[in-house]
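Have a look below at one chain only, the form predicted alone, in structure tokens format.
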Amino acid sequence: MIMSNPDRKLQKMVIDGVEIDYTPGETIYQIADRSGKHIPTLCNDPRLEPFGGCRLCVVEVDGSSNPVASCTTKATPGMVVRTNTDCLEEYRRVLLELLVSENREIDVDTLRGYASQEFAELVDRYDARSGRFVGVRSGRSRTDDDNPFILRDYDLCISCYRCVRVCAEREGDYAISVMNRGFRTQITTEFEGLLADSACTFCGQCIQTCPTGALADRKAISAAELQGAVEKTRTVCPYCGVGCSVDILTKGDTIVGVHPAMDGPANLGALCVKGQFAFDFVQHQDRLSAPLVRGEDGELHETDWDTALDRAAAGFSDVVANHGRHSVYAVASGRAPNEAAYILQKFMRAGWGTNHIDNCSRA
């Protein structure tokens, strides 16, 4: 990602007849995108290094005999660029038609992943469902991989390598890679094994960057038969104190999946396996929906919060009165924010006069 630097002098270039300022080091794609000019792409993820694999983002540059990939070509002073000539648009349409000819299906459920609609949207934009190219299909799905999180439906793969790159560049896991070349190219793991036997941490990043749904959220698409439209609600992941932003996917009152927030200030689209997949507890049949207190019969009974809190306060007071202030001990949750940890240590130190407090994040 190119960051602006006030010490670097702005340069000028022309895109589609409009003069635009840019900072040295920016690519044509970055400048065009910043200026509101949409250049199609399938291998680009703004979180990743430019790759230039799909060739949809090519543009015409004065002085160049052939179109150049805008995502990997850096701007130069006075450069004149055209992004949407008739020739370029026809070139892009043919490329998309070729990709369509290799895929089992184009229209996939939105629950497959955050970026799963990108391919279908571009195909429709360029009217590329002509069917004039028909032939052998590439890709080999791993139907034998029975992990509960990630569906490896490589019949839909277009070899954009976004999954491989996000695993390496963003997660540092290097769990998936590419084998073979040309038509036989295949996304794989070491020794062509299962994800559970690889270095995969099941963070779900490969799912969320895939533009075709070839890598899909198994848990989310299992809820595809539920009636109702999918709605997104922005919230914060509850699993630790980092504060990753997420979009909860719901159908009615049922949570069906989680998308990482690409603009989340703490995570920028990243999540761990718990933040991505561990949402079942919200609607689990064993989840408590009311406070419980133990009755004289020795069994737990539902009650209101005032009664439950009074019982807890009385229990603390009785223990301290009978066994001293150091008989109570607290462990702060790593899922709580700093403010909650501060309040708990105040509760123990100022309230009961003991330093017996710890945090599970230290373990």
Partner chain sequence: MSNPLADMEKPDVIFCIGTNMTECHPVAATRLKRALARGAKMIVADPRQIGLSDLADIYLPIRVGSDVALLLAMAHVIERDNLTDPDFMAARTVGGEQFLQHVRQFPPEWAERITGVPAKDIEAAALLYGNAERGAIYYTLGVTEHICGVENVQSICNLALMTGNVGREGTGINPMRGQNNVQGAGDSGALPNNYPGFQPVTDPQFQNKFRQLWGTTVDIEKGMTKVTALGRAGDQIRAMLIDGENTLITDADRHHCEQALKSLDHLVVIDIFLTDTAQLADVVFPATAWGETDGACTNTERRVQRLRAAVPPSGEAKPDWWIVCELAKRLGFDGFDFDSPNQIFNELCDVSATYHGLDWDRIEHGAYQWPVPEKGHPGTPRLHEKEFPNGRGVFKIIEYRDPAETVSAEFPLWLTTGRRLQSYHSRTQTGRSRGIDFLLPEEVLEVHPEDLERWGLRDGGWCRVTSPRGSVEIKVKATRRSPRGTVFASFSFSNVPVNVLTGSGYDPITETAEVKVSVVRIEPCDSSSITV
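Take the two forms, superpose them, and find the largest set of C-alpha atoms that agree within 1.5 Å; that set is the rigid core. For clarity, every value in this text was computed on a predicted model and none was experimentally measured. Positions refer to the first chain, counted from 1.
Just so it is clear, the following notes concern the form predicted in complex with the partner chain, a form of the same protein that is not shown.
Visitor: Pick from V100, V246, V108, L151: which has a non-hydrogen atom within 4.5 Å of the partner chain in the predicted complex?
Guide: The residue from V100, V246, V108, L151 that makes the contact is V246.
Visitor: Tell me, which of R125, R82, R104, R234 has a heavy atom within 4.5 angstroms of the partner chain in the predicted complex?
Guide: Flagged contact: R234.
Visitor: Going by a heavy atom distance of 4.5 Å, is A216 a contact of the partner chain in the predicted complex?
Guide: A216: no, not in contact with the partner chain in the predicted complex.
Visitor: Check A332 for me: does it contact the partner chain in the predicted complex (non-hydrogen atoms, 4.5 angstroms)?
Guide: Result yes; A332 sits at the interface with the partner chain in the predicted complex.
Visitor: Give a yes/no on whether S138 approaches the partner chain to within 4.5 Å in the predicted complex, heavy atoms considered.
Guide: Contact check for S138: no, nothing within 4.5 Å of the partner chain in the predicted complex.
Visitor: Just checking whether L309 would be counted as a contact of the partner chain in the predicted complex - the rule being heavy atoms within 4.5 angstroms.
Guide: Within the cut-off, so yes.
Visitor: If you apply a 4.5 angstroms heavy atom cut-off, which residues in 288-318 are near the partner chain in the predicted complex?
Guide: Residues within 4.5 Å: L288, S289, A290, P291, L292, V293, R294, L300, W305, D306, A308, L309, D310, R311, A312, A313, G315, F316, S317.
Visitor: Would G63 count as moving between the shown form and the other one, using a Cα shift of 2 angstroms or more after superposing the core as the test?
Guide: For G63, whose C-alpha is compared between the shown form and the other one after core superposition, the shift is less than 2 Å.
Visitor: Once everything's superposed on the core, is E339 shifted 2 Å or more at the Cα between the shown form and the other one?
Guide: Yes, its C-alpha moves 2 Å or more.
Visitor: Look at the CA atoms of A340 and Q285: state whether they lie closer or farther apart in the predicted complex than in this form, given a difference of 3 Å or more.
Guide: Closer is correct, given that in the predicted complex the C-alpha spacing of A340 to Q285 is reduced by at least 3 Å.
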